[in-house]
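The data below hold one chain only, encoded as structure tokens and taken in the form predicted on its own.
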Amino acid sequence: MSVKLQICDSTLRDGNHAVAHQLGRADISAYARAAEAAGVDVLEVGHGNGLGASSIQVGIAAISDAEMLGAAKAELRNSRLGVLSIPGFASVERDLKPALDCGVDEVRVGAHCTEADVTRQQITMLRSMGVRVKGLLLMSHMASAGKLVEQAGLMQEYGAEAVVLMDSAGAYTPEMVREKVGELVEKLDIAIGFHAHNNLGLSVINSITAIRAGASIVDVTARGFGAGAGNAPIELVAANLHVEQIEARIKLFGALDAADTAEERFVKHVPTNDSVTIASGIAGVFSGFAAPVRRASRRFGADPREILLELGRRRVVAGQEDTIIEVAMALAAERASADVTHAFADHI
């Protein structure tokens, strides 16, 4: 490959979803040391939804953004410290500037795949300060290749040095990856990346397919630790890079050691596919909805798979968590009405 592949390890950010954002200082420090030893290019750290996201609505983190970033930064020498910033959760003065003061080297500014314009203020401000900035297009399965080129082009215009397609729902197939990543690589002048989720069991092959299509950035997490069915596991991606002799800074044994460290310390349940996460992938619903959908299912007695399929039909995205309750209540009411109708019919 003409451009060396960059590995972004988001175990300490996306992985925070898997423990309700309860990663503590000791866990962050230990994993940051392992990631540094493994040779990851960027270690992304923070609340699962990024800077400024700790809240009752999406989950209160165990420690502050500054504490998380400080713990990780102290362990890094060659790996860059990265953060996620989603306008609406993160603000420039309250969140971004303090994060930079903590030693953040790189910021990834994210928006829904059709709303890149909301990233303009943050990307342009950060670039004017000389900060490395990448754009993220969330829920990118929901937009056509042409639309993604248009939206990524805006991020490029604002100053983003790369754009990463986020498979936030784990809905991509290898063919979709080839088409969309390939189109962005062909049409844009900046690096293109891919962030996989494993709802359909395709996170590793989708990541390798993205590389073959020209992506030069791939996101991973230890043991696939992340929202829903998890992400592309660092250990499996590293193994495939080794087998296919794809050049990258990451070390195979280091990646294996990092995954072991994560499992020993905080991966209480290795992410796997079950009926809920599979339904989420089929429906194209944000992977982070798995836990609140399960809670709503238990509370109202509605089938979680039906909730997810209805959320998919409504094209619900992150930030619309209240709709989960609305849908669960409606499905429960429909079921109760159907039960009454059947009971009445049985007595006629």
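Just count from 1 along the sequence shown to find any residue number. These figures come from a predicted structure and were not determined experimentally. For the two forms, the rigid core is made up of the largest set of C-alpha atoms that agree within 1.5 Å on superposition.
This protein has a second form, the form predicted in complex with a further copy of the same chain, left out of what is shown; the following refers to that one.
* To do: Choose one stretch from 154 to 162, 120 to 128, 239 to 247, 89 to 97: the one whose residues place a heavy atom within 4.5 angstroms of a further copy of the same chain in the model of the complex.
  => That would be stretch 239 to 247.
* To do: May I ask you to check whether M142 falls inside a 4.5 Å heavy atom distance of a further copy of the same chain in the model of the complex?
  => Residue-level check for M142: no, no contact with a further copy of the same chain.
* Asked: Taking heavy atoms only, is D274 within 4.5 angstroms of a further copy of the same chain in the model of the complex?
  -> Contact check for D274: yes, within 4.5 Å of a further copy of the same chain in the model of the complex.
* Any non-hydrogen atom of A30 within 4.5 angstroms of a further copy of the same chain in the model of the complex -> It does not: once a further copy of the same chain is placed as it appears in the model of the complex, A30 has no heavy atom within 4.5 Å of it.
* Answer yes if any heavy atom of V270 is within 4.5 Å of a heavy atom of a further copy of the same chain in the model of the complex; otherwise answer no. => Yes - in the model of the complex, heavy atoms of V270 and a further copy of the same chain come within 4.5 Å of each other.
* To do: State the residue from A291, I282, A62, V58 whose non-hydrogen atoms include one within 4.5 Å of a further copy of the same chain in the model of the complex.
  => Residue within 4.5 Å of the partner: I282.
* Within 4.5 Å of a further copy of the same chain in the model of the complex, heavy atoms considered, which of C102, L76, L188, L252? -> Checked against the cut-off, the match is L252.
* **a further copy of the same chain in the model of the complex - contacting residues of 168 to 194, heavy atom within 4.5 Å** => Counting only heavy atoms within 4.5 Å of a further copy of the same chain in the model of the complex, the contacting residues of 168 to 194 are T173, P174, E175.
* Once the core is aligned, please say if the CA of V58 is shifted by at least 2 angstroms between this form and the one not shown. => V58: C-alpha displaced by less than 2 Å between this form and the one not shown.
* Is D27 among the residues whose Cα moves by 2 Å or more between this form and the one not shown after superposition of the rigid core? -> Shift of 2 Å or more: no.
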